[in-house]
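Below are two forms of the same protein chain, given as structure tokens: structure 1, then structure 2.
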Structure 1
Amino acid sequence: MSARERRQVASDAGLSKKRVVVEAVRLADREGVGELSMRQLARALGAGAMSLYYYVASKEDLLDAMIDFVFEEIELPPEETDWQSAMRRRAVSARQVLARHPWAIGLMESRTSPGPANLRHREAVTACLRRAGFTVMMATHANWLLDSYVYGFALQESSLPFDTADEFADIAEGVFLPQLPPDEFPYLNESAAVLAAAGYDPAEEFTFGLDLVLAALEPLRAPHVSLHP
């Protein structure tokens, strides 16, 4: 066992790629990814800035590893249930994870090659859809549609200034309505007023669209040939 391998296992002292990535994610969550610099990260780890480069090829490499670390947190679709429940679980998990690490969404745009956790996730999702009776083509469609919805929702949610229904009501009345001239934006005013009064929760919004999409995908499944072996 080399010194390097020991360090990879040790958790309380010594650096390792894992420890570097974990601390980087923590920093990005707390301060935003824009505030994440190699020097700050090194300081948080009690190390010199250049020490990080023993575990990470470059900052780009670190960002890639951070993204894949985030993907590892997303639940894989469970295998024992029907496809809709499985897809719902993993979509809900993905939204939660991306809400915890909003910087990850913005980072996805600039990086091209998916990491290992990303690939494992895609494989598991595709497997679930194929076993549920979708053809290769339809499984691809479903995959794109579901991922687009999840990522896009997380992206929109990350730029909202509120998290809960209560916060929304406050902000809608205190910020939105005064900023929107009623003659120029009559419909947005109507929406803000109605939603503030009725209560509006982003989490419910997510499941609404998700269920609608899942229901719309159901008829695209091919007949279950697996039942006639």
Structure 2
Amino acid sequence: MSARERRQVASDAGLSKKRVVVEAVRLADREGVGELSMRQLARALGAGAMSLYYYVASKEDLLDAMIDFVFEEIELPPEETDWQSAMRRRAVSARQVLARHPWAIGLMESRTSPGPANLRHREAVTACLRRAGFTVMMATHANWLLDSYVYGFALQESSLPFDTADEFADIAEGVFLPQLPPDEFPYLNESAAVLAAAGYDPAEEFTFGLDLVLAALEPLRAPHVSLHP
């Protein structure tokens, strides 16, 4: 099929690149990115598979666009606050976005043709760290450390068998404790009982760990250095 013919098919189907990417993200959210195919996407859009290639050249091109869609949803570190507050807001936003799109966790750092939102995000993060007084090398270390923490936590969180403190308490008391006889697992039994009784919320672990990471990075910067692009 010629480019003109693909353009006509796409026009007849009412397609646009945005619609193609949004539908691909919706399918990946529901079924996982491993199950996503151009043929499946075309069926969901009510179009012929060939018509999609007018908007995305390949499956890799589609993945680039999908990851760019995810980066677009993540809040950029604001410029009007201190670096720790800015990076905290960005990390919290990234965690929330990845909770909506868990399929993206393993793809965030894999794109060799990043889109505009991806590049804007990375520029803003680097600028925040450099303006805070981190050298190029230290800013790179900080970026790797923060991203590893966010992605790792998001990946672990996506596989947990509970979402809330109440659900954790129910599982701890009804599932974990019966498997932890105190004479054999005294510390695990104690932990499960105490945490369930205290209303422990695993979601709070994210900010606990994030604040430790940010505090550890603080001494590595030179706060009085004035930097310009």
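Residue 1 is the first residue of structure 1, and the numbers go on in sequence order from there. Whichever C-alpha set is largest while still superposing within 1.5 Å between the two forms counts as the rigid core. Values in this document were obtained by computation on a predicted structure and should not be read as measured data.
A.B. asks: Which number goes with the form predicted on its own?
C.D. replies: Answer to the question: structure 2 is the form predicted on its own, whereas structure 1 comes from elsewhere.
A.B. asks: If you line up the core, does residue 204 shift 2 angstroms or more at its C-alpha between the two structures?
C.D. replies: No: residue 204 shifts by under 2 Å between the two structures.
A.B. asks: 2 Å or more on the CA of residue 80 between the two structures, with the rigid core superposed, yes or no?
C.D. replies: The answer is no; the displacement is under 2 Å.
A.B. asks: When the rigid core is used for the superposition, does residue 70 move between the two structures (threshold: C-alpha shift of 2 Å or more)?
C.D. replies: Stays below the 2 Å threshold, so no.
A.B. asks: For residue 178, tell me the Cα shift between the two structures once the rigid core is superposed, in Å to one decimal.
C.D. replies: Superposing on the rigid core gives a C-alpha shift of 4.7 Å for residue 178.
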